[in-house]
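A single chain comes next, written as structure tokens; it is the form predicted on its own.
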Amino acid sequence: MKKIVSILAVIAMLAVICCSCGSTSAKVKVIDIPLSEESYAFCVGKADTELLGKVNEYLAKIKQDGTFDKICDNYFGNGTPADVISAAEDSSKDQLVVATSTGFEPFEMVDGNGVYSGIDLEIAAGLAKYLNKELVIKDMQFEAVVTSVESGLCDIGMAGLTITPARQEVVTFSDSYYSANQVLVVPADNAEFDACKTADDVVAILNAKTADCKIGCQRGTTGATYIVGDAEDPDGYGFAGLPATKMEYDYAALAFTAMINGEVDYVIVDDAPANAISKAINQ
């Protein structure tokens, strides 16, 4: 994987923390075994059928002409991530107002100068151009993204959003553009899961833990639900849950910080940010 040019400020903070803790070898590793599968999509307001149609039209176009593959190559291959600039919101202008939540590398990031990058935000820039609109990016906590679209404060949510029945009740999702998996991340010197071959092997070890075991995650994400479970929710994923204690953070990278500091034992997060953040820490 290519070194990402636009490194999230939180990732830089991780490096500082590693040094300040007196450890030059604070590393992490991803247990590359999918614990669940899900689909990402963008969301629009229930009544905004025109925008929905245009979004799906644009997604089909960039998948057919190779643009989507090129954007992904910017983060997973040999390409160079593009800077994405947000205009100031102005009701007198024809704008596409995008709700996102940075800190979810490589889908949405922002550097110290307020310059955005990421798979979702490169798509957002292209979509705005396709619609002949000015792009406005509104960065917020992940849990607020769907609500901001539902309430009409933003036109579209583009934040590594998983399609779920609960979210479908309040917003409408576009066609799926990316498939993701939940994975476990552990300290690099942890060998508990090295012999695991399947998700059942990983879960068997996790199910042997107690509430003393702490697992970090990003607030409001599938990873958070995976830890506590939702088997009794008819609209949920059907996750059984784990005996460990859930520790939520506003950004995925902060859960990694907590693990490096010994505040949590493991992290559960989507595979793309898991690999991107781990690489930034381990480089």
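So that there is no doubt, residue numbering starts at 1 and follows the sequence shown. What you see is a predicted model, and the numbers here were worked out from it, not measured in a lab.
Separately, the form predicted in complex with arginine (ARG) exists; it is not shown, and the next lines address it.
- Although the partner is absent here, Tyr40 is a contact residue: one of its heavy atoms lies within 4.5 angstroms of arginine (ARG) in the model of the complex.
- Within this chain, Thr257 is remote from the site of arginine (ARG) in the model of the complex, having no heavy atom within 4.5 Å.
- Among heavy atoms of Ala159, some come within 4.5 Å of arginine (ARG) in the model of the complex.
- Contact annotation: Lys133 falls outside 4.5 Å of arginine (ARG) in the model of the complex, judged by heavy atom distances.
- Residue in contact with arginine (ARG) in the model of the complex (any heavy atom within 4.5 Å), chosen from Tyr177, Tyr75, Tyr116, Phe142: Phe142.
- With the partner removed from view, the residue among Pro34, Gly45, Gly220, Gly229 that has a non-hydrogen atom within 4.5 Å of arginine (ARG) in the model of the complex turns out to be Gly220.
- Just one listed stretch, out of 162-170, 148-156, 197-205, 67-75, contacts arginine (ARG) in the model of the complex at the 4.5 Å heavy atom level, and that stretch is 162-170.
- Within 4.5 angstroms of arginine (ARG) in the model of the complex, the stretch 83-109 places a non-hydrogen atom from each of Ser101, Phe104, Glu108, taken in sequence order.
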